[in-house]
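Here we start with a single chain on its own, the form predicted alone, put down as structure tokens.
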Amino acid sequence: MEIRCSSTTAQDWTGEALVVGLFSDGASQASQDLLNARFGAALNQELERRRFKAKAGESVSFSLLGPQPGAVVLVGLGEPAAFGSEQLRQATANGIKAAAATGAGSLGIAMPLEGFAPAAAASAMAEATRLIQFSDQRFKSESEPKSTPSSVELLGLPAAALNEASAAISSTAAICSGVELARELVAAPPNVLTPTALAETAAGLARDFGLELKVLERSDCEALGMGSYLAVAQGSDLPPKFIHLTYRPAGTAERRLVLVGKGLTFDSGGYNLKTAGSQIEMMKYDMGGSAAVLGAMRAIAELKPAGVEVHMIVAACENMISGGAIHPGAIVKASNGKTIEINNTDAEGRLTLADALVYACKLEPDAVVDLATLTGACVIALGEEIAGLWSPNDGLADALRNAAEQGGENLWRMPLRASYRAGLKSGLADMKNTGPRPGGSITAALFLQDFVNGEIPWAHLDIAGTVWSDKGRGLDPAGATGFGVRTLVNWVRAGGPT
């Protein structure tokens, strides 16, 4: 599918289906005048008959006889005051979905773009166009038929800004490829997406995009003292894979950034077995953090940002039950020498991230960001549309929130309250791996902080609620969302923390 931008207006565009965005309550008089001029007053009368009020999320389609376009789709935008980038994305997605039902091969999309920077508007619309049409049919015996346009034209952009807007569309295509990779990784069943398969995905990126790859085997991790990570891995018949993927820019790297993703390809809970109602069958998505950082690296490798070196770390493994699995009450030692009493084997992600964060800090980066489907407590606090953000560094937190907003993803900064650290105290070891139930997402973040060099800016993103959508939301289909890719890529392209 080709996505391009044009200064042609909806009045003059010729193609098979035209999508037009309309504000509610008469605020789209100019657009309605355009429709009357091009299609006649009968179209406006039909709108009244169908009681189309142009409310946000509302759409209506018409088939026309005569010259092109053969179909018109009108999309409600709601009130102008509430129309921003997120609403532009959603309106474009709504129009694409409605137009797909017409079977048109060429689409034109006309939205009111006053107040938007042309490149930002083109990027948002192209992103919506691409991601809303994603469909993962890899595991079906027969693919479901799907109508996809061959070309989509974004109309009404200023002629002087077409080159800039076209470049933005090209960059957006690379980011969407990263999101789609993340979606496919998260959606894959655990008998397919194993720690070895994650390492093979990284190897494919290294081969296709000229990245550097190092994969540490179990013996390598033992030599580095990664007792926390290996404690989780020891219950599985599948070998752990510690994956280190690196992008190096052409010329001098002024910043070094590290992206760390939780990589539990399946989480049974271990001997603290997940019970009925815990969605154990969905614990394939416990590697959503690793999917996000792999998707981000795929986009970064294609975009080739200058002046920034990016490392990706994933401590991949399964959390299973066997005669060799770690016991509740066991004490293990992480690679920074800290001892951990495991009072809950189902709080395993933080154990793998502990050694991954120690390794990341030894790279002497300018910042470290980890992403993890870490706690159900974060889902209770923020729901399924907002990820939690913890960081002791204001500049890094602000940079990540700006990057998320630019990408249409939602972060909420949460507290790192030092007094809550008392909940992690152990009478036998340096710390326990879980605290009390209240504030569980905060104590999880505080646990991770103990494995980060305090002089290095660090942020933790808990994406447990956002990595999957049962019914679909926004640009996301039902299933894996690819959350975090757009935030990370935008942050890296901006150069990291300010």
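Note that residue numbering follows the sequence shown and begins at 1. Small disclaimer: the values here were computed from a predicted structure and weren't measured.
Only in words, not in the display: the form predicted together with a small molecule, which the text now covers.
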Notebook entry, point to check: Exactly one stretch in 175-183, 231-239, 90-98, 260-268 has heavy atoms within 4.5 Å of the small molecule in the predicted complex; which is it?
Noted result: 260-268
Notebook entry, point to check: Is Asp286 a contact residue for the small molecule in the predicted complex, using a 4.5 Å heavy atom cut-off?
Noted result: yes
Notebook entry, point to check: Is Ser391 close enough to the small molecule in the predicted complex to count, meaning some heavy atom within 4.5 Å?
Noted result: no
Check: At the 4.5 Å heavy atom threshold, is Asp370 in contact with the small molecule in the predicted complex?
Finding: no
Next item on the list: Classify Gly329 as contacting or not contacting the small molecule in the predicted complex by the rule of any non-hydrogen atom within 4.5 angstroms, answering yes or no.
Entry: no
Next item on the list: Please pick, from Ser469, Thr434, Ser59, Gln449, the one residue with any non-hydrogen atom lying within 4.5 angstroms of the small molecule in the predicted complex.
Entry: Thr434
Margin query: If the cut-off is 4.5 angstroms on heavy atoms, which of these, Val379, Ala206, Ile132, Ala397, is the one near the small molecule in the predicted complex?
Written below: Val379
